[in-house]
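Below sits a lone chain in structure tokens, taken as the form predicted on its own.
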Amino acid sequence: MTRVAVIGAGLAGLVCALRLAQGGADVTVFSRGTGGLHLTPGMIDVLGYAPERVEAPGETLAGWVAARPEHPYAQLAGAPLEEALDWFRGVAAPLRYGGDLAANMLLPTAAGVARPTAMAPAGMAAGDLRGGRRVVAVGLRALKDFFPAYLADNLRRAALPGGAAVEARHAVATWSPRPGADVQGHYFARALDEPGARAGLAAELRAIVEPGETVLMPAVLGMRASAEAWEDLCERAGAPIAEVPTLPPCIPGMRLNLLLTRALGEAGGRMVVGPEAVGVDGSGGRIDAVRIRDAARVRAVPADHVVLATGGFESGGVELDSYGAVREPALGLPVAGPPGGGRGLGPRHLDEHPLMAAGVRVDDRLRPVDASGAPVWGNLRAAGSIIAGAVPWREKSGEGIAIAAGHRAACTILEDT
């Protein structure tokens, strides 16, 4: 059985590991922490801005990557992306993801921004603002990370296609799984997995909502059975309900992490959380083992293939030192820095920062390459935002790149075995 070490437990790493395990590989995921999915809203952004808001990501991508040959989508757009999203939709079926590459939805964020995204769980997709909508934003008194008045106020100002508008008001519900205390989102989510706990909240929502309104709730409507909890609450409240992701950590990201890690275990994969990858051993252009720092010792873990999915600057997959040098700390791979050299940083926070596109360059099989374009190691792949050329936070492209690259890296390994 082919042994594969996946370094990193974010979306790209988990997608890659699960696809490999499904294909019969012996997969181990090594991660310093629990991965970044807990911090994400669970939406699948493929391309939201280019630089203006994108309405049809699939149609836009073809021309967009033609002008950006260094972007990860130059390797991944088209069939690899479509195949990966189809696979993801099947794997994530319990969360009932809706949407596709034909048109971005416009889903409300907790700040009241209409966010363009290609796919989202049914409970969030129900809040699609295209065409306008009447909403009541309902907060939970015991949950301090959601501000319904702020959400409603900003949604009234949202710029929507065709001059559509949002009519919004706000309210607060008092139901709580721990009456008298401030309660974090995951307590609400776990409590609302139980049908009996949903009756009290539904009764309050029925009294709040007016005919023709959609209820916008913080995304805490269930953890392990969220789709069923959302559907049941809609029925009990007698009104459509849409979830809005809260500030990180986000319950929808936790749900997706839980689903993928559980599927990985069921497929025979393993997760090792804590040890840090600090290098590789190899010869003849191929890696033989990954060196893992585990407590006070470094041990070599034999591997036939390795996937690096440690992310970009935000997760420490790429680092910038005080002298302005950019490096990849796990395996010491060559890093493609900002075009034209220099620090690549603009003077203001929201300016263009070319440095943020730094990462490792890859070939058409997602193998990291050196300055000459040759693979550094023949059996090493990269996946996710460690790949150079993208600025996911600005483009709203992170999840699309992660899923497509993770899936593509796994498929190329399975082809080689």
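In this text, residue numbers run from 1 along the sequence as written. Quick caveat: nothing in here was measured; it's all calculated off a predicted structure.
Omitted from view is the form predicted in complex with a small molecule, to which the following refers.
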The small molecule in the predicted complex has a heavy atom of only one listed residue within 4.5 Å, and of P392, P368, P57, G359 that residue is P392
Of E235, E314, D182, D86, which one comes within 4.5 Å of the small molecule in the predicted complex, counting heavy atoms only?
-> E314
With a 4.5 Å heavy atom cut-off, would you call A309 a contact of the small molecule in the predicted complex?
-> yes
Residue contact check: A9 to the small molecule in the predicted complex, 4.5 Å heavy atom = yes
4.5 Å heavy atom contact, P177 and the small molecule in the predicted complex = no
Does D193 make contact with the small molecule in the predicted complex, using a 4.5 Å heavy atom cut-off?
-> no
Which one, 360 to 368, 61 to 69, 376 to 384, 347 to 355, holds residues whose non-hydrogen atoms are within 4.5 Å of the small molecule in the predicted complex?
-> 376 to 384
